[in-house]
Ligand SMILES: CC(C)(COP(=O)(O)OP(=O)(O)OC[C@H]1O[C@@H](n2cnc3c(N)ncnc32)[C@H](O)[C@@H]1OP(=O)(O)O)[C@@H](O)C(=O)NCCC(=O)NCCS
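Just the one chain here, laid out as structure tokens, in the form predicted on its own.
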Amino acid sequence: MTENSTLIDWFRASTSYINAHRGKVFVVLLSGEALEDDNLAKIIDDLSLLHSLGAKLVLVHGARPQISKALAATGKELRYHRNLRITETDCMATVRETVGDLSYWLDGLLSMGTANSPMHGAQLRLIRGNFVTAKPVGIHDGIDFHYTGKVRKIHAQAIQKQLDEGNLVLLSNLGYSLTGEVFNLSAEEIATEAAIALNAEKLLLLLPTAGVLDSDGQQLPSLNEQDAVANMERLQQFDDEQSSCIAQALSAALHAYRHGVHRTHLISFKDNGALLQELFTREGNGSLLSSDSFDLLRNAQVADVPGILNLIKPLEDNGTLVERSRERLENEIENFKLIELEGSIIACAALYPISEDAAELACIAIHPNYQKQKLGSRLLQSLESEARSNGVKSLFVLTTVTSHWFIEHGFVESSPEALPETRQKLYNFQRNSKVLCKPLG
């Protein structure tokens, strides 16, 4: 019963996302590495479910490792420049054959519908065609790239017509020139340009890691433009295949971001269900580069009380924060500021006046998924500005576990006796909280 209740709760919570995604265009990059992974069958199931829920899908598949293996098997030397494969004339027959085999193979996977399988009854209609017009990369640094190409045009109107008829569109990494030639393109570029041309709601890039990881190996749930650039440049310094793959994905994400794509999600192709968790839960399971404002900082309202309670409850349970009742929060809500993302409260803090020239900072809480985004610093800066405008000369804070963070932000350790007299009377010696003070010049 407990498992069923959890499933029911999750399904109900996903309703808003189902409604939001219905009828929207999503461009999904299935890299050649993703096609080789054991989790591919689950990804296909999840894409089928996403289509069944009303999303309009354009799938772009790569073939980088498959082409490399096929060329190596024929004895061809693998040549690269500027991280692009040099596709010589005598390589193109192998490239076309390899990519064609992958496209037909994906046709088969997306057409399955055996009984007792997640795709039973889906009856997906998959459309392929010459939707990508290409042009040669040309000669750079004196090196001729031959049949390595770039996107010249995405035939968005033709693709959109297929999507409106309920079809999935499959694009490979091949493009076709006006002179009838076939070019080998970057799948990342095709996916990005398709998302831009279609004004897609989302670009989904599947990676070998759980989104973008920082230098300590920790997942970055959300990225702004500066974060994405910094991590791309850091990863470009490494020679390993995984770093190169993620750096290319970040480059594609940034290009999409700068050309109006609403959101780019970078998700693991190895984690079962990562795609669904990223799209249908608030916590997600990847990294998101978005044009949305991640620091929608505003004053709290009474309607925000349930969200604040959900945010602070884990900290109350472990003793970090003093427990606050719903009634108390409703009465004190005018003291709170919060940061909101997708209608969910991901950070909050409160400023309580103690006397004419002193105020207490309290109830700072950041959702665990966003604790590396410096949201606490933004809240503190906002509350300090508000305190100064109200004539406050000093801020106080009482804390049991985060004193170092406050010291880093200009607070100095003090004693309960330094608190204004009215606040001293409420000091809980059993909690033995540290008192920190910050003069406001």
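Under this definition, the rigid core comprises the largest set of C-alpha atoms superposing within 1.5 Å between the forms. The first residue of the shown sequence is 1; numbering continues from there. Keep in mind that this is a model prediction, so the values were computed, not measured.
Not pictured, yet referred to below: the form predicted in complex with this ligand.
Across the options 52-60, 411-419, 374-382, 65-73, residues that bring heavy atoms within 4.5 Å of this ligand in the model of the complex belong to 374-382.
Among residues of the shown chain, residue 388 is not one whose heavy atoms approach this ligand to within 4.5 Å in the model of the complex. Proximity of residue 162 to this ligand in the model of the complex: non-hydrogen atoms within 4.5 Å are absent; the residue sits far from the partner. Although the partner is absent from this view, residue 402 contacts this ligand in the model of the complex, with a non-hydrogen atom inside 4.5 angstroms. With a 4.5 Å cutoff on heavy atoms, residue 406 counts as touching this ligand in the model of the complex. Residue in contact with this ligand in the model of the complex (any heavy atom within 4.5 Å), chosen from 169, 151, 365, 106: 365. Note on the partner interface in the model of the complex: the residue among 47, 398, 395, 35 having a heavy atom within 4.5 angstroms of this ligand is 398. Although this ligand is not shown here, in the model of the complex the stretch 307-328 places heavy atoms of 315, 320, 321 within 4.5 Å of it, in sequence order. In the core-superposed comparison between this form and the one not shown, the C-alpha atom of residue 324 has shifted by at least 2 angstroms. Core-superposed comparison between this form and the one not shown: the Cα of residue 62 travels less than 2 Å. Here residue 380 counts as shifted, since its C-alpha moves by at least 2 Å between this form and the one not shown after the core is aligned. Relative to this form, in the model of the complex the C-alpha atoms of residue 208 and residue 372 separate from one another by 3 angstroms or more.
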